[in-house]
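Quick setup: one chain, the form predicted on its own, written in structure tokens, and binding and motion questions come after.
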């Protein structure tokens, strides 16, 4: 095995061994406490520009499945490529065993020229990131690279499609503003008999005829999405139902007149507990984000819908009188618990009620 090292912006250097592509890469070093689901995580566009540390001690033991299609989209992965800048693990299993495995994790990383480093004390590394916060870093192979802050880039523009795409022929016409959507969001809608119009992040969807508006997840700072926010402000002046997930929740908060802030180290896992406001009902959720809505800045007609039970931050907002709501977590999961997938049904119920009232 070839030697590589992980270097953090605070000067920390950690030696390890290379797997995947033997190349250097820079990004923001973040950690995820999910125990499984690395094929889904690595293809989640919300990880764009990030060097991902997996806290689960053994990674790669079930390999990577082969591609399958469902309604022209991936049946397994969350996009059409790997989005992370690099991968950091404790123990990399060179041998994999699973009934649908088509390749190893290392070979998959090589296909996309993504470096991996193993033999790292990820528990120690995660403690550093928890205490100091997510920080810039780089995986250094033969040639050194400069540190780079991906949050200074418009990452959404990098991962969003450039053309409008259509799916399904269902009874409700939903516009999906793709800021880096996970494929399982599309699957969840198609399984519920809708006609889905998938548009780029900066597309003026207000010119379209639709029954409901959906705002997807995505990477980076939501304030980079100024065109999306402007179009959304127009939509908030109407009564058509709107549902936002993750970055979509932050965009809704900004369009409503609120503010967002960067979390110290974000929420990235499949085990985040959230509380439904005004109840004693909690859910275990899948999450992947580094920013959140500051609920203290929201106008009076808006309120928090879900609260994170670990740190008290906002996990979703809603309008008090109009059918607008959002979640910071991922109801579609993939990977993760599916406890909150019912929110897609709530959204489509609101769409049906809106159409009936017209």
Partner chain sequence: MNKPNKVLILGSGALKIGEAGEFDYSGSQALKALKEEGIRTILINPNIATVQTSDNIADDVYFLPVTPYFVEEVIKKEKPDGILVAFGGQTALNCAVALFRGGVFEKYNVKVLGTPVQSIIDTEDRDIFKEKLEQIGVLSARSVAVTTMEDALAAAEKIGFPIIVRAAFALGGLGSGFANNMDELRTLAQKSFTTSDQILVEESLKGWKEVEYEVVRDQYDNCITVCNMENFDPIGIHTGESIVVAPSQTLSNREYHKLRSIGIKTIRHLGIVGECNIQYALDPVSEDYRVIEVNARLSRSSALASKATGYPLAFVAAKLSLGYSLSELKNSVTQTTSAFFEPALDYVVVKLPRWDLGKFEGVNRQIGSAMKSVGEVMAIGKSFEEAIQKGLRMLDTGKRGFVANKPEQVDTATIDKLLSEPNEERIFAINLAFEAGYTLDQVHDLTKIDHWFLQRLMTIFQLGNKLAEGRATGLAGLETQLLREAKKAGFSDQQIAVKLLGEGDVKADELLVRARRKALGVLPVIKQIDTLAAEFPAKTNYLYSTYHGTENDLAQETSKSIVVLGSGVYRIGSSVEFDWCGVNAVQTAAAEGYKTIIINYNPETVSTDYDVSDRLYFEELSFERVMDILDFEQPQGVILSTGGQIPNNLAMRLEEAQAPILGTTAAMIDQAENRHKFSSIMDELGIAQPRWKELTSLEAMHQFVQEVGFPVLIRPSYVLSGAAMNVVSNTFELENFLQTAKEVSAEYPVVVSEFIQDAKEIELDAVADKGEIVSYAISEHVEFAGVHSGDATMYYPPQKVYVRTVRKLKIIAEKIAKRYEISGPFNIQFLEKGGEIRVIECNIRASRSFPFVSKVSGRNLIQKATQVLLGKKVERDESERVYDLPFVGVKAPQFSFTRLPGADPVMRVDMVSTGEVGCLGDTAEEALLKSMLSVGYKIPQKTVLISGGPIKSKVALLSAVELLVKKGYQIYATQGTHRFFAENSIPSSQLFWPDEMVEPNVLTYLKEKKIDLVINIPKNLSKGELDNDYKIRRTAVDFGIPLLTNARLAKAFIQAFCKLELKDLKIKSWNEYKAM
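Residue numbers count along the first chain shown, from 1. Note that the structure is predicted; figures quoted are calculated from it, not measured.
What comes next is about the form predicted together with the partner chain, which is not displayed.
K.L.:
Pick from 172, 138, 270, 231: which residue has any heavy atom within 4.5 angstroms of the partner chain in the predicted bound form?
P.N.:
Of 172, 138, 270, 231, the residue with a heavy atom within 4.5 Å of the partner chain in the predicted bound form is 270.
K.L.:
Under a 4.5 angstroms heavy atom criterion, identify the one residue in 282, 158, 151, 206 near the partner chain in the predicted bound form.
P.N.:
When the partner chain is considered in the predicted bound form, the option within 4.5 Å is 282.
K.L.:
Even though the partner chain is not shown here, does residue 58 get within 4.5 Å of it in the predicted bound form, heavy atoms only?
P.N.:
Judged by the heavy-atom cut-off of 4.5 Å, residue 58 is in contact with the partner chain in the predicted bound form.
K.L.:
Determine whether any heavy atom of residue 121 comes within 4.5 Å of a heavy atom of the partner chain in the predicted bound form, and answer yes or no.
P.N.:
Yes - in the predicted bound form, heavy atoms of residue 121 and the partner chain come within 4.5 Å of each other.
K.L.:
Report whether the minimum heavy atom distance between residue 275 and the partner chain in the predicted bound form is within 4.5 Å.
P.N.:
It does: once the partner chain is placed as it appears in the predicted bound form, residue 275 has a heavy atom within 4.5 Å of it.
K.L.:
Does residue 346 make contact with the partner chain in the predicted bound form, using a 4.5 Å heavy atom cut-off?
P.N.:
Contact check for residue 346: no, nothing within 4.5 Å of the partner chain in the predicted bound form.
K.L.:
Taking 4.5 angstroms as the heavy atom distance cut-off, pick the stretch from 22 to 30, 306 to 314, 291 to 299, 319 to 327 that is near the partner chain in the predicted bound form.
P.N.:
That would be 306 to 314.
K.L.:
Using heavy atoms only and a 4.5 Å cut-off, decide whether all three of 62, 90 and 265 touch the partner chain in the predicted bound form.
P.N.:
Looking in the predicted bound form, the three residues 62, 90 and 265 all sit within 4.5 Å of the partner chain (heavy atoms).
K.L.:
May I ask you to list the residues of 328 to 358 that have any heavy atom within 4.5 angstroms of the partner chain in the predicted bound form, in sequence order?
P.N.:
Those in contact are 334, 335, 336, 337, 338, 339.
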